[in-house]
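Only one chain is included here, represented as structure tokens and corresponding to the form predicted alone.
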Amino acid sequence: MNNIIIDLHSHSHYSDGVLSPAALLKLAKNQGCEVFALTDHDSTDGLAEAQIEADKLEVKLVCGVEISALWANMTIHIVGLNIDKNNPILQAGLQKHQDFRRLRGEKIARALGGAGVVDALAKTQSIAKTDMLTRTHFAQMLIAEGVCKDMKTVFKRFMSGKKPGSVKGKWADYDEVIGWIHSAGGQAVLAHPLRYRMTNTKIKRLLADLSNCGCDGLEVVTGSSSTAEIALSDKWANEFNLLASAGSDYHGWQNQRIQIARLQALPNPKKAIWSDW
């Protein structure tokens, strides 16, 4: 599987992506992708639709999910690959996160209202395709309303620290999330390790804890990775005995330049998480 195009991280409108699962599969197919994972945030609701389209297009669909988790009081994202979407332990955990996301959305909307953004909840719901609102939905609403010019500005002004739209995540701890994924027969992968606001020393502490709890892999290649970042992530994967994964983290928003299934090669394909699939 070393020479085929693989993308193991993407989002549909069942979380904070723009496209339907079917449209996402069509785009992936057009880009030459042969193995593709749908990994919506804390939801597997789009997988059934994705599977129908994948079968039509003869694309190998990897059932996935991206789960928020807490480590050292910080939010990280763990991707579950090759999961059984019907596993009751996994679904019970995801339901808790979905309930919190709804509550958080209401809190963010109230806070934005207090900061002068009128009808924040209704405007954000008009952008989303489901009732599970994410921070990305609120960010896109603020950009569409002309309040902020881009995602970076949104998070700087509203979504970080003690800013109006910053609501602390009540996610499950990282070891519990890994347990949900393993209960569902899947492999747990730390997503985009260089996107967290951590020093390299702290990331290595995170990786050590994840590895000790049975985490299977590290996302070495993302849609925005530089060659230097890939080399560093690959070094960490080797150091902590983690398999290497690759995923674009495609969402489809016009102001995000990431393309689906356009990824640099893994430095060490023998350590690819898909090598024994």
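Start at 1 and count along the sequence shown; that's the residue number. Just so we're clear, the structure is a prediction, and the values are computed from it rather than from any experiment.
Omitted from view is the form predicted in complex with a small molecule, to which the following refers.
K.L.:
Wondering, does residue 29 line up within 4.5 Å of the small molecule in the predicted bound form on heavy atoms?
P.N.:
Taking the distances in the predicted bound form, the answer for residue 29 is no, it never comes within 4.5 Å of the small molecule.
K.L.:
Can you tell me if residue 191 lies within 4.5 angstroms of the small molecule in the predicted bound form, counting non-hydrogen atoms only?
P.N.:
The answer is no: residue 191 has no heavy atom within 4.5 Å of the small molecule.
K.L.:
Whether residue 109 contacts the small molecule in the predicted bound form should be assessed with a 4.5 Å heavy atom distance threshold; does it?
P.N.:
Heavy-atom contact with the small molecule at 4.5 Å: absent for residue 109.
K.L.:
Would you please decide whether residue 71 lies within 4.5 angstroms of the small molecule in the predicted bound form, comparing each non-hydrogen atom pair?
P.N.:
It does not: once the small molecule is placed as it appears in the predicted bound form, residue 71 has no heavy atom within 4.5 Å of it.
K.L.:
Heavy atom within 4.5 Å of the small molecule in the predicted bound form: which of 117, 198, 151, 127?
P.N.:
Looking at 117, 198, 151, 127 one by one, just 151 meets the 4.5 Å heavy-atom criterion.
K.L.:
With the small molecule left out of view, choose which of 97, 85, 135, 123 has a non-hydrogen atom within 4.5 angstroms of it in the predicted bound form.
P.N.:
The residue from 97, 85, 135, 123 that makes the contact is 135.
K.L.:
Heavy atoms, 4.5 Å, the small molecule in the predicted bound form: which of 216-224, 44-52, 245-253, 231-239 makes the cut? Say which one.
P.N.:
Looking at the other structure, the answer is 245-253.
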